[in-house]
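Shown next as structure tokens: one chain only, the form predicted alone.
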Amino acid sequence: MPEKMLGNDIITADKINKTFPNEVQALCDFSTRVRRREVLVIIGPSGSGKSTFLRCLNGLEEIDSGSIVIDGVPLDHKKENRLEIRKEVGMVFQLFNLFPHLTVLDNVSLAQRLVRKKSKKEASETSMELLRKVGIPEKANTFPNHLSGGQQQRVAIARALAMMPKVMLFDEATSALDPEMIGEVLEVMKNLAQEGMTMIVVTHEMGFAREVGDRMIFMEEGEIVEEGSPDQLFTNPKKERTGLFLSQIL
């Protein structure tokens, strides 16, 4: 991808710590900044804290200490701040979490009507635009159980985009898919990156990381082991542990 102009910081995470009740420390003084239009790819072994970091960013997990600020709004205990951040940060999970009793169109429209207070007509028009964007407008009146895994994940992306977020978080969005369905979801994510969406992507898809990522972080045991451009990490990692991890998955 051609190099793009990145903006000012939109996310600041400063020395955040998170320990679960089983005394596993998922994040240890974790600090990073993400710039507008940046695609940050996070890699690392299972249990390294990647998904926990994403869940902390939109308030699904509480941090024990440190601070998170998103587009000038601190993620603190003020209800209005947390609601504002939830509106502005879209998240796509491994599992699609679609409502099985609602059509695709209604799945994408629901939050627009409840949270953004759009009319049914306005929400439906926006939803159809987004279904065209992710390549499945013909599935609007279909129920989720009649869709392939790749199609369901594209609906989940459309649903997250329907809230007009400033940031999109992808938590191993392709890991539950059959191999032939991974490409269609990655293509949607690539298009979003090209359009300038700020994205944080936890993934094992190294081809995507190399092609689309502006920056990569390699995590282990809740800490950043190494970060840099994808080219630098893939071709000349500074840390032996980074090189060992990449040699095992490439």
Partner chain sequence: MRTLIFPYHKIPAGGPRSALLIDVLKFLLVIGGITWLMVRGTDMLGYNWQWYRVPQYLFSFENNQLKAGPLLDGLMVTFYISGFSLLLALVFGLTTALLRMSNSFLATALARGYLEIIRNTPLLVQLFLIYFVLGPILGIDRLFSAVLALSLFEGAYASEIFRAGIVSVHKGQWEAAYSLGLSSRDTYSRIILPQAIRRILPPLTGQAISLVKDSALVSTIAIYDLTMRGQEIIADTYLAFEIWFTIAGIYLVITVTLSTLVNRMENRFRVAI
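Everything numeric in this text was worked out from a predicted model, so none of it was measured. Residue numbers count along the first chain shown, from 1.
Note that the form predicted together with the partner chain isn't included here; everything after this is about it.
For the chain shown alone, residue 120 is not a contact residue for the partner chain in the predicted bound form, no non-hydrogen atom being within 4.5 angstroms.
The closest non-hydrogen atom of residue 136 lies beyond 4.5 Å of the partner chain in the predicted bound form. When contacts are judged by a 4.5 Å heavy atom cut-off, residue 89 counts as touching the partner chain in the predicted bound form. The closest heavy atom approach of residue 141 to the partner chain in the predicted bound form falls outside 4.5 Å.
Taken together, the three residues 82, 98 and 101 all come within 4.5 Å of the partner chain in the predicted bound form, as judged by their closest heavy atom. Among 35, 215, 210, 55, the residue placing a heavy atom within 4.5 Å of the partner chain in the predicted bound form is 55. The contact with the partner chain in the predicted bound form, taken as any heavy atom within 4.5 Å, belongs to 160 out of 128, 73, 177, 160.
Comment: 59-67 is the region of 59-67, 183-191, 24-32, 197-205 lying near the partner chain in the predicted bound form, near meaning a non-hydrogen atom within 4.5 Å.
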